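Only one chain comes next, encoded as structure tokens, the form predicted on its own.
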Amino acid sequence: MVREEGKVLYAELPENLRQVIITGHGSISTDALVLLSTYGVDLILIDWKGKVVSRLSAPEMRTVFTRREQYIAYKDSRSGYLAKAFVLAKMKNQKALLGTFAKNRKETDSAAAERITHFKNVIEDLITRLEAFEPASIDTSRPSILGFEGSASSTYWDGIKEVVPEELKFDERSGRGALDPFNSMLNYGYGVLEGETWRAVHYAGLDPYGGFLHADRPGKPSMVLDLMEEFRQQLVDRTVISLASKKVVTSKDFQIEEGFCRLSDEARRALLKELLGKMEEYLAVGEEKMRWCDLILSKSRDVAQYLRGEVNNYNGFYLRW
């Protein structure tokens, strides 16, 4: 139950919840924390920069076998194989999203459509070259895989610039501590996606800090960051661009604070509503339909199955164009 000044704003049974996100100011009782944990509901705290600053979840439910294989895999070719799979899926989603934007502008702005198509084709060529790359262990393969990833991302954001309203002053992709509104929205959206992916990695029995594509660093959830690469474009980028294009969020929804661009509370609520609603939407995956949140959990379990040797390959998620 959520209250503000004694008034009940929202009430829901715990068995109907998957995750609770706290952003901004507020408090939560210890009884509520115990109840959430009992029902396996994650509690995520995200700051205004889009960083996941705290996560509370139920105790581990899996055996240690998955994590042992995850650590062993770092030294063999499975680590390079998975890193390549994550990046390939990311690049295919980048290509698909640019293809959609180009198609939508073919009749209304053919020049922009042509430029976007050029960027899509560059990424397509990079995909072909990465598919031919034979990975070894990640320490050997990471520089090459990151080279493909960096080239594709630079091209992708050049294409995205064509569809972002000029008033949001997007010039290039920057990480946390954004200086422009569009990057500020992206960072916040990625924080929400990180929380959802962290939950999935946890319930798949994986170590969230034991990634392959992202190098080890204290406090860095590398496996979470690895897996969420597949979902950034279709879940977050698309949602942020839609809100900006429809003028739901405009330049008036931002202010400079501590030298960084900060979303207004109203704009943050609008972005959260869209993203969380998207997580509950169904999409076709092969012969079945599943929610986006269930798809992220499914891909986490696929990674765990591959590491345990129960399947021979891992196919990253991407939408065809």
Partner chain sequence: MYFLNDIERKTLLGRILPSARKVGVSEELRGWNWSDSPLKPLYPDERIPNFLVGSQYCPTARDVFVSKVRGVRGEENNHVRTGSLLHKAVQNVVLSYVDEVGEQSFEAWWEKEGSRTFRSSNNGQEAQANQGWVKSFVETIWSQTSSECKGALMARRSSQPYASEHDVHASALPFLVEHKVDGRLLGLSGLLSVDCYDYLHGIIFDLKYLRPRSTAEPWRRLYCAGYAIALESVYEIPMDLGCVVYISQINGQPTVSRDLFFIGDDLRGWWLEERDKKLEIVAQKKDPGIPNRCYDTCLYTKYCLGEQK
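Positions refer to the first chain, counted from 1. Owing to the predicted nature of the structure, the values given are computational and were not obtained by experimental measurement.
Keep in mind that the form predicted in complex with its partner chain is not shown, yet the notes after this line are about it.
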Judged by heavy atoms and a 4.5 Å cut-off, are 120, 124 and 320 together in contact with its partner chain in the predicted complex?
yes
Tell me which stretch of 189-197, 205-213, 105-113, 160-168 has a heavy atom within 4.5 angstroms of its partner chain in the predicted complex.
105-113
If the cut-off is 4.5 angstroms on heavy atoms, which of these, 51, 252, 289, 273, is the one near its partner chain in the predicted complex?
289
Option touching its partner chain, based on a heavy atom within 4.5 Å in the predicted complex, out of 174, 153, 141, 100:
100
Quick one: is residue 284 in contact with its partner chain in the predicted complex, heavy atoms, 4.5 Å cut-off?
yes
Can you check whether residue 84 is within 4.5 Å of its partner chain in the predicted complex, heavy atom basis?
no
Can you work out whether residue 95 and its partner chain are in contact in the predicted complex, taking contact to mean some heavy atom pair no more than 4.5 Å apart?
yes
